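We begin with a single chain expressed as structure tokens, specifically the form predicted on its own.
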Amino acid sequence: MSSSSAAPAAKPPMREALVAAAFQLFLERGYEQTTVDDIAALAGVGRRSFFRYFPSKEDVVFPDHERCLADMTAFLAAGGEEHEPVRRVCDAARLVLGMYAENPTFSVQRYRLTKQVPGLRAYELSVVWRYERALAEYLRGRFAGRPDGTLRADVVAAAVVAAHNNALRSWLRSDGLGDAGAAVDHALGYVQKAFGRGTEPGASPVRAAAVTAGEPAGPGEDVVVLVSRRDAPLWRVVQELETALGRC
């Protein structure tokens, strides 16, 4: 049996309803002019219900960061010795990008709002610091016992956050257009190039040298021999090959 009337749309979960109500009011009235009571009333709940989901008005602007931070921390904790540490923290940063890319419209709205409200910018900085601290703590464990291990951990964590945020904000300024993943991958590539395996003093995952091959090559010709560890990233292999060819 068919029905001519469509079934009523399911109501969004209360947490999502509060976020939607908050941003509707922020856009209509402004952030400072909107109160927690206003948000709760528009969502159809009481003030106490709001605080059951969010500790403050600032938290409703960043409703997904706690979950993302927990996911990132769990991802890092699940890493083993077989995971190259710099690559691991770069992959962890991509989880944050995924959070933003899930809802580009909301992410762009939040970016614009945060730029306008000094208190939200300060709140965002505190959130970013927590991400950086989580990355640094993981790296300190992986670099323990190495010369300047703590320093290296803190510098790499800061570099990952800076590279990620540079690409992310560029994407947000473009109103969420373009390939955010490609932009972040490009930015994080600089971090891996600078700090990844083989960049420690005295370590080299790839060595290239031009040697005379004798019989297979013609008179005066050189053959480039590339020596690489199995786990060296492909981009570094190509880079070293290009460098060797330039020297030949």
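Counting begins at 1, following the sequence as shown. Not measured: the values here are computed from a predicted model.
Only in words, not in the display: the form predicted together with the DNA, which the text now covers.
Asker: Has each of 108, 112 and 115 got a heavy atom lying within 4.5 angstroms of the DNA in the predicted bound form?
Answerer: Not a single residue of the candidate spot has a heavy atom within 4.5 Å of the DNA in the predicted bound form.
Asker: Among 52, 193, 186, 67, which has at least one heavy atom within 4.5 Å of the DNA in the predicted bound form?
Answerer: In short, 52.
Asker: Can you check whether residue 25 is within 4.5 Å of the DNA in the predicted bound form, heavy atom basis?
Answerer: Judged by the heavy-atom cut-off of 4.5 Å, residue 25 is well away from the DNA in the predicted bound form.
Asker: May I ask you to check whether residue 46 falls inside a 4.5 Å heavy atom distance of the DNA in the predicted bound form?
Answerer: Because a heavy atom of residue 46 falls inside 4.5 Å of the DNA in the predicted bound form, the answer is yes.
Asker: How about residue 179 - does it come within 4.5 Å of the DNA in the predicted bound form, if we only consider non-hydrogen atoms?
Answerer: Contact check for residue 179: no, nothing within 4.5 Å of the DNA in the predicted bound form.
Asker: So, residue 17 and the DNA: in the predicted bound form, are they within 4.5 Å at any heavy atom pair?
Answerer: No - in the predicted bound form, heavy atoms of residue 17 and the DNA never come within 4.5 Å of each other.
Asker: Could you pull out the residues of 20-38 that have any heavy atom within 4.5 Å of the DNA in the predicted bound form?
Answerer: 34, 35, 36, 37, in sequence order.
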